[in-house]
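Only one chain comes next, encoded as structure tokens, the form predicted alone.
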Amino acid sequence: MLKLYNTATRKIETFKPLGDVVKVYTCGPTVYATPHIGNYAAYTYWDLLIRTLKMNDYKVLRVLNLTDVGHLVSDGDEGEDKLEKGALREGKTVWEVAEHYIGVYLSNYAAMEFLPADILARATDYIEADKKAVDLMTANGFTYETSDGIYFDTSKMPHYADFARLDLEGLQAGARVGFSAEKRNASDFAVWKFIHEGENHAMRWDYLGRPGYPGWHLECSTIIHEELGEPIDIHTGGVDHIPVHHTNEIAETYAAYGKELARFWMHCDFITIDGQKISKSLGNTYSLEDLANRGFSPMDYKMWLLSGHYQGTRNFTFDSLEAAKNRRASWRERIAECYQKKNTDDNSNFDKILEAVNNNLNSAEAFAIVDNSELTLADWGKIDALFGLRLIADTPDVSESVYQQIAEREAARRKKDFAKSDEIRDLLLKQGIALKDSKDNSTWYYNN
């Protein structure tokens, strides 16, 4: 029985799909710069969600969006578009920047062994649908026009603040003087932005006789409407999405289509690095490439992430990453032992592992069970399917010739022919295969 924490109700609930297929939407990246390791935390946790659903025999239809327009630096209605910022930084067009960083993201996505989304949705492919959504919101009385765009009037939606438990009166009282003076309420947000004459914004589309572009929040509600239909089963994202982005998605969907957006909302917390927020000014925006240069694989990092809980604030250090790397290596040694024991025992302990994960994706508890359980090769295959850690793929059984070399070395050891024994050991080490000697025999494991 799968149980998940639902942000909408603030409690853990038994998951029941709305139909025959579980519809899942994941807020994807804004593709304007190289992602840092913190960006991959959420995708690791939501990959675990998809794998868990499938392990429970649910059919899943998942959409992941790629934000290539409309995401302003402030995450609200201020500042330049992040794609424009990336283009200025690199001396490229916004389209070139988007294509390049989509490629970087997808390459890293594959390296992290994330299951591919069923639909990859680029925001710029849904502009006409965005316009139709704004038309519907306007026809239903939820928008007003200012000199810089079409805004959503949150006062027209009585339950706007409920999802994030927002203090709208406090927000209004704290609004800065001069900020969006034409906004009726501090919580109002742009669903469409106009481009003024002389303003440098390469991505632009005509709407209401003026050039402009969609607000960031609109793409997700539009993509969900077009690709999945409301309500969906699960909407995922980071905790930072709760007060603005996801609250606004809910409002837009209700205003345009009169429907609930999602049944379950799931949010993961951030990671910090050495106790500090990830920031370019602190020089701690490590990429997967940076980790590789220090001798750590994407699977080591994924192992570290899954060693904790998605709702917990995780503090990354290279010492903790080293511990995760060693833990994964120890699991691979145990897989190698399964090959050597030729164990055909089918007494599985995997059900206990899945039970832990079914309790609100408690991968930390599941890992502890893995550490302390006797597992068959079949169990390890299921563990790989659940966590996507490439344990089996990176630990294939060795060839018959290697087993013969190990047997020859055993014979040499018994004869006290240590020169021959060392020669075979060194030959195997060159192949990445290390030996662990005991009084009675030797066992192999991969030392990479």
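Don't overthink the numbering: it's just position in the shown sequence, from 1. Just so we're clear, the structure is a prediction, and the values are computed from it rather than from any experiment.
Not pictured, yet referred to below: the form predicted in complex with adenosine monophosphate.
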Considering adenosine monophosphate in the model of the complex, which of 205, 339, 270, 144 comes within 4.5 Å of it through any heavy atom? 270
Can you pick the one in 86, 308, 238, 298 that has a heavy atom within 4.5 Å of adenosine monophosphate in the model of the complex? 238
Quick one: find which of 381 to 389, 58 to 66, 416 to 424, 34 to 42 has residues within 4.5 Å of adenosine monophosphate in the model of the complex by heavy atom distance. 34 to 42
Taking heavy atoms and a 4.5 Å cut-off, does residue 278 contact adenosine monophosphate in the model of the complex? yes
In the model of the complex, residue 325 touching adenosine monophosphate (heavy atom, 4.5 Å): no
Would you check, heavy atoms only and a 4.5 Å threshold, whether residue 82 touches adenosine monophosphate in the model of the complex? yes
So which residues in 416 to 445, when you check adenosine monophosphate in the model of the complex, have a heavy atom no farther than 4.5 Å from it? none
